[in-house]
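A single chain, nothing else alongside it, follows as structure tokens in the form predicted alone.
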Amino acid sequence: MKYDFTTIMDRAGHDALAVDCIPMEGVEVKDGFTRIPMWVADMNFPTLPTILEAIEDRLKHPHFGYFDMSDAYYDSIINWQKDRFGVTGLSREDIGYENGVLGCVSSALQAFTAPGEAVLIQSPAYIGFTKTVESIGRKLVLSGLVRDGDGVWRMDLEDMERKLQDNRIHCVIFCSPHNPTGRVWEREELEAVMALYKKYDCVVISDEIWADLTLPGHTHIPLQSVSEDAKARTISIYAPSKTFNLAGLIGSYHVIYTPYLRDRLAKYASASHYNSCNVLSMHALIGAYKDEGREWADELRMVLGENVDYAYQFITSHFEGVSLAKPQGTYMLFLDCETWCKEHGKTLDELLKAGVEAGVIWQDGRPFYGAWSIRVNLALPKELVEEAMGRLEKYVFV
């Protein structure tokens, strides 16, 4: 490959939550084990060189005053959306900067719902969504995804409709590709769910931050592309941060085609004065959305696909009682450990602790509404994935 996805970076002490923190209070890695970061959703790969070059070039100018978003910023997004997802007709006025996906979700919820009003989310659910809904005083309503006979996560449209109707819901959060299950929705599924949202006149807040990270054989379909009505009622949110590991630079953007949605969201977001871009973040996006970024992202998808294939095969063949759906996108696994825990007389906390003590820093899935679940990040060199699986076999699932 042209780009580096094999170097094992030493991120300790370099502003890296993934390695500097353990998401389980009072538990430490035992002596003799290195830390393998497999929890928070960032990547353990060196980022794209053209991003660093773009930031370095900007740093040569010794001023950091107020600025407007550049033509290059908007053109980069328009061209990326066209090349990667086939989006046409996207204009500068349809794009708006956001200080992170959750910042946009919070602004949109407050712009289009009243305190105490219900909001529908599918579960398992990204913890950022559920905490945002609850923290601003809205009512959280969950509709559970279900695994079909082939183990694939599917939407339960009957359950969704019942909850939309019973709770008089007119605003929903949708996740595509889905976090934490890794599901990449098919066009027929998107058409069906958007028909349901149209029936109940819902504003749709669609988190598409994982759009670039579909695994080989799967393609992201922008929700706004499935119909004219979907285009009109959807606030879609994207970012280069997941794709290029730029979360620490902060910077997302929305795509909104309807002036009413756009103007109301902008008015609410502007009132807080929080939603302004860091100049280095703008140049990072421009550096990412180059031809080199397209090539880098394609190589990354192959690497992640190999990691997923390896880990899925290893888990399903070695850890009897642990089940999972094979992800179609993202770099996260969502393990169901209920059978294993009950057969071995273990609690999920005991299982989580055993993994951390062996240096496998994984994540409790219960806050994502997976009662017996563990979330595992595979965005790291395959050598470390293999090492982690070996430790789990030898020290944890025994």
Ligand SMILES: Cc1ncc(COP(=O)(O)O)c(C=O)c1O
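Note that this is a predicted model, so its numbers are computed, not measured. Note that residue numbering follows the sequence shown and begins at 1.
Another form exists, predicted together with the ligand; not displayed. Remarks below refer to it.
Only one of the listed residues (Ala325, Ala297, Cys202, Cys175) places a non-hydrogen atom within 4.5 angstroms of the ligand in the model of the complex, and that residue is Cys175.
For the options Tyr257, Tyr97, Trp210, Tyr73, the one in contact with the ligand in the model of the complex, meaning a heavy atom within 4.5 Å, is Trp210. Stretch 121-129 is the answer when you ask which of 297-305, 315-323, 121-129, 76-84 has residues with heavy atoms within 4.5 Å of the ligand in the model of the complex. Among residues of the shown chain, Lys242 is one whose heavy atoms approach the ligand to within 4.5 Å in the model of the complex.
For Ala41, a non-hydrogen atom is located within 4.5 Å of the ligand in the model of the complex, even though that partner is not displayed.
Within this chain, Ile221 is remote from the site of the ligand in the model of the complex, having no heavy atom within 4.5 Å.
A residue is said to contact a partner when one of its heavy atoms sits within 4.5 Å of a partner heavy atom; Leu145 fails this definition for the ligand in the model of the complex, lying far away.
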